[in-house]
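Subsequent text provides structure tokens for two forms of one protein chain, presented individually as structure 1 and structure 2.
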Structure 1
Amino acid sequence: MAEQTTRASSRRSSASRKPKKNQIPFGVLVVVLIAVIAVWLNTHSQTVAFFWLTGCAFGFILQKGRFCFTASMRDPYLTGGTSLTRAVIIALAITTIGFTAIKYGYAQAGLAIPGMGYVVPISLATLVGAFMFGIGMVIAGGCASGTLMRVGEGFIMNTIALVFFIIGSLWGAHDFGWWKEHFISKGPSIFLPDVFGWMGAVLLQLLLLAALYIIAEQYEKKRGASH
């Protein structure tokens, strides 16, 4: 079946392929276009231009880091790897500290705490929705951010997934009233500092994240040793 070749010859065969095109000029062109669009957006809304630029930064970082939330949830079960799981835990820990500092500052100044729209009711809909999302992202090969990032990388499959993500969102929005009436409206919104105090909530969350980090690393070692 497979021929008896050495590694040196396999390397020669791949080296003899057509010379690679240099795509860097196109990359520079895209960066210039990003800047031009930012300037254009800025003429009618500074906020929109800011969103555009942070989006580009998120996309750039996600791609450079191959940062994949899907893999962080899938790989522990499927392949036994937890390096992305641990990276997500690190991101959660750092962002928690930064977010809490901002929120605490507003609270101390007697102002409305920003971002409280993301503290949402917990109900069966949360679990069912998250469960559906978890299945979907593994099958489609990318979560929400990962799908957008891979569209930029030229994946046709993820472009199809994005189209149906939009259709699914519309479908979900259509049915939202029913879920709201039966489940969401009965669910409590729990902001951890309301329960444990600011310091207590941050410490508790960081301890939990640290524990998960250790569990993830030990699990990977154990599974790596077992086969």
Structure 2
Amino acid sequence: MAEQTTRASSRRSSASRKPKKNQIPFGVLVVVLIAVIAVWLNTHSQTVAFFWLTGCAFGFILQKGRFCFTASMRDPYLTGGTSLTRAVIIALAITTIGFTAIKYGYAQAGLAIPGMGYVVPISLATLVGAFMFGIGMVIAGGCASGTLMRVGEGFIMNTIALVFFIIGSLWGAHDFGWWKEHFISKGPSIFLPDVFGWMGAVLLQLLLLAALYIIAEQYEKKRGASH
């Protein structure tokens, strides 16, 4: 009797399901539209066309990979999973090696080292800003990349978050000079190669990232064992 009831319930749920729509024509249409826009942009600026194509590719990778910096920090506490956390750590390790090689090459050639404008003072403002940004990411349900990805998927809440993200960014850019003068510039600027040398800076950062990777891996095993 129970088995018959289960079968009947299964048949009713199957019948109530709507057949899935074929998404392939929409995908082809989107690809064609992206290509047409790229060609049109190329007639005005090759740089803008390049940014358009790389931006679309990056968005596709984000959506398929479900990549989000917020999730990499949030998932260990919510689910105990650290796979995304470890992926971010690996990405940071790869970029550490790549960007150091580029900067070192410029330094050896006697040229201005690129990206030095991002070596900014570290002060209490850094900690406060990071804390506020972390809270905002959790409330919004994603960082900048995650928010943009979910807006593309049609999430209304992330669309609202994107609107206020833009407002906050414009407001912050408008008042940045005042914040920099009174708070941000109060701390020292630290460029690790100046302190530990190029090789020492790379090894220090890679060792730190390796330690974080091991901690994340052990944390996931511990959380899994406790459940």
Partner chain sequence: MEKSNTKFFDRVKKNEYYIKWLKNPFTYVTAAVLLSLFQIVTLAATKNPWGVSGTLAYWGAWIYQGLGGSVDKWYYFASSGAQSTLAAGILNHGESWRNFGIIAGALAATLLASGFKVKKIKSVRQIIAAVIGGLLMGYGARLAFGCNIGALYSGIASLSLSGWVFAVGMFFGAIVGSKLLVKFFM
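For residue numbers, the reference is structure 1: its sequence is counted from 1. We call the rigid core whatever largest set of C-alpha positions still superposes within 1.5 Å between the two forms. Being a predicted model, the structure only gives us computed values, none of them experimental.
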Given these two structures of one chain, say which is the form predicted alone.
2
Superposing on the rigid core, is the Cα displacement of Gly65 between structures 1 and 2 2 Å or more?
no
After superposing on the rigid core, how much does the Cα of Cys56 shift between structures 1 and 2, in Å?
2.4
For Gly177, what C-alpha shift in Å is seen between structures 1 and 2 once the core is overlaid?
4.4
